[in-house]
Every structure is written in structure tokens, then in C-alpha cells.
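This document opens with one chain alone, in C-alpha cells, the form predicted on its own.
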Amino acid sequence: MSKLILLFLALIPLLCSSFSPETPSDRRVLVLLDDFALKSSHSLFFNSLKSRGFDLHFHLADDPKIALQRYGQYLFDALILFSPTIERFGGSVDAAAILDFVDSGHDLVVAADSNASDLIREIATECGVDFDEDPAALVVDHSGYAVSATEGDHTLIASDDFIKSDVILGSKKIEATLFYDFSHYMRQAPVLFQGIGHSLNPTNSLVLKVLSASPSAFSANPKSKVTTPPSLTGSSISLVSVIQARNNARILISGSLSMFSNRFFRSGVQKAGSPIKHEKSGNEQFLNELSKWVFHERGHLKAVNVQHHKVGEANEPAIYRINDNLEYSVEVYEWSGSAWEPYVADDVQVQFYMMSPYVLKTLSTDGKGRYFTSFKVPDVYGVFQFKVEYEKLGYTSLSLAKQIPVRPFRHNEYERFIPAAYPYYGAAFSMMAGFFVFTAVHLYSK
């Protein structure tokens, strides 16, 4: 008995520091490596996560002691796979366990490479990403390569085709450089990439290209002559992609492990054909900002304090009557990485729904997180729902539903004389008057 108590006490810190909806980025992260040398060669990326409060646990991918869950509880809230060559994970971890991990709402980062194993490719495929089937293929770009004295095969790419989303990559441009050429404008530092490309499964609408190849790029074996058209060409090649699952779990898939390395973080970059040489590549800022999104430090929404009541009242009724005037409100906040801040937008809508929406209203906001509106209950009785279905690129989805019945007028609640019916009243009485006149004339006239 005492051993069980000690075991429970030992697990308390694990449970307390795990993911919580109230602190979405207070997370324990499992990092699986091919080689412990990656801890030092990719230390800048790992130190960035640690500085933001993440608790990283490093293990070799084939460690027989690793496990994602114990006693039915997940021990980690995010998983980083920097093990592209692994053929089989150790312990109880396998492809199915990792997919279940994501299905349970946890986040995943996968970095592949030119020697990516079938296991890593299988995980990527299940997430909606298909790497080039040729195991020797790399992304080659004879126009958008990075000028380098050591790389002559044009597989070191300088890409600046980023997704246009401030919530995913942040509002600050990637290492912007100001230069003049009759006018001044901002120039983004390219991201260095060397690895394999992938395409997005067209049946999966949840996958987004974050970093794309240029129109002149193609995927092929750089050491052999290209005799057949490459399977992946141009801007259809995705270098880095993200997925936000329907349960709001987030996944990052990269075709290059090197782009996370200290060497690429610190390296200067000059794109072929450009006179500008940047002292530092955009890799560090790009991956740090992207990791903030993947680990829910940005773009994570929550809705609280849903209220509805009749106009002029404060308490929520158990039932509404047709044609009642009502007010609806909800509070929406966004996680900033350290605190919940009011979310401000002009596209949050509520539906008054029964089989289909009878009322669709865009909510007004006070700029402090509160959204509100008022409307009249439709002249239809039944069981309705207040529904908020909010989906916006880069943000976690909100799905709220609150059920309320609507009744018709009681027998003593109808108006005695309805103004709209006065013509019918007049028609009825005029018919009666005409009948009596006709009867009198017919009976008493010759």
C-alpha cells in the first residue's frame, strides 16, 4: 500500500505539469533523436523552446524504455521526431501509438531527411503528406538555390515563399532587410532548406503549405541524369507543411532536419540572382515563430460565459415563446503564450438552429472579448440551438451549442382583435348584412 502511495505522489508532478486548457503552452515535450549529437548540433532550436518554458525530455528513438502513456494517461503533451532514419521505435511507441497520440489532441513535429525511413514516411502519409517515393530524390532548384562555395548541386535552396498568415508565422517579417533601389522596401531573408519535398493529399483539406518551393524547383536524384519527368515540380512542392486536426491538435512536417540545425540558423544566405547577401538566414525566426503556433502559444482560442436571456431580463429562461426578443452573448479569448487576452474579430457568428439556421447573426464586440447580439425568436416552435461554429485559418476552431425549446402562444395569449385581420372581419360582417338585406327584399317585395 505504501508503495502505491509513493508511486502516486511521484506521478503528481507529471499530471500537474501536463497540458491544461487553462494553460495550453505549459507542456512536457518528448524529443526522439537518431543520435544524441543532435542535442548540440540543434541546440539553438531546443534552447528556444526551453526559454519559453517547455520541459524537454530527450531519448534515443530506439530506447526500449520510452512510452507515451502510462496507466491510461499520456505522459507528454507534444512529440518531436528528429529521427528520420529510425526503422522501428523502442518501447511501446509505434506509428499507431503516435497517431493515437495526435487523435487525443496532442501536437507533433516530424523532421524527415534524404534518408527518411518507411516508418517516418508512413506517419507523414497518415497526416496527409506524401514524400517523394524515390528514396534518393532531393529538392533541386537551379534558379532559387543558395549561393555557396561548398554546395554545387543546387540542393541547398533559399526559399522565401511563405504562407501569408500572421497567426501562423507572426506579424513580423522574417529577418527583414531594408535596401534602396530608387525606392526602399522590405526584403525577407530566405530560409535555407536541404532535403526532400512532399505533396499535399488533395483529399485532406486540413493540410497547409507553410514554405513552398519556387516554380523552377523539382524533385529528383541530383547524382543521376533526369530521364523522365519528375513526379514533383514547381510550387506544388511543399518544403514545410502544417496540419490542424479537427480536434485542434497541430502537426508540423518538414522535409529537412538540417533546417533546424545551428549551422543553418547562423549561416548567411544569398539567393541566386539576388545582389543582397543576408548576414543571417531566416531559419531561426521562421522555425521559432512556427513552433509557437504548433505548440499553441498563438492562435489558440477559448469561449466562456455563454449567456442568453429575454431583452430587459437578466436570468436565462427555461423556454422561449415565438416572437420573443432575446439577447445572446459569449466571451472569446486568445492564448498569448503567458495569459489569456481578448480576441477581437468581426466575423464571429451565431445561428439559431433547428434542422437549419432560422437566424444567422454576426456578433458585435466591445473589444474586450465579449461578443453580443439580439434578435427576435422566429415564428416557429420546436427545439432550437444557439450554435457558434467558428473556423478561421490558423486559429483553433470553436464549436458551441446550447439547446432551448420554443413554444407557441397559449390560448389566452393571442390578441383579441388582430389589426391585420380587419379586412376579414369587415368581409364577414358585410356578408351578414348583405344576407339580411337580401332576405328582407326577397320576402317583402312582389
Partner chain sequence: MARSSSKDAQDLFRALWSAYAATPTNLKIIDLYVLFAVFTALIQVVYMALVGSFPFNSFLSGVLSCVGTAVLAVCLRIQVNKENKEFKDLAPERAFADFVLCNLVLHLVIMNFLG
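Positions refer to the first chain, counted from 1. Because the structure is a prediction, the values reported are computed rather than measured.
Beyond what is shown, the protein has a form predicted in complex with its partner chain; the following relates to that form.
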Though only this chain appears here, would residue 420 touch its partner chain in the predicted complex if you measure heavy atom gaps against 4.5 Å? yes
Original post:
in the predicted complex, does residue 416 have a heavy atom within 4.5 Å of its partner chain?
Top reply: yes
When its partner chain is considered in the predicted complex, the residues of 407-430 having a heavy atom within 4.5 Å of it are 416, 418, 420, 421, 423, 424, 425, 427, 428, 429, 430
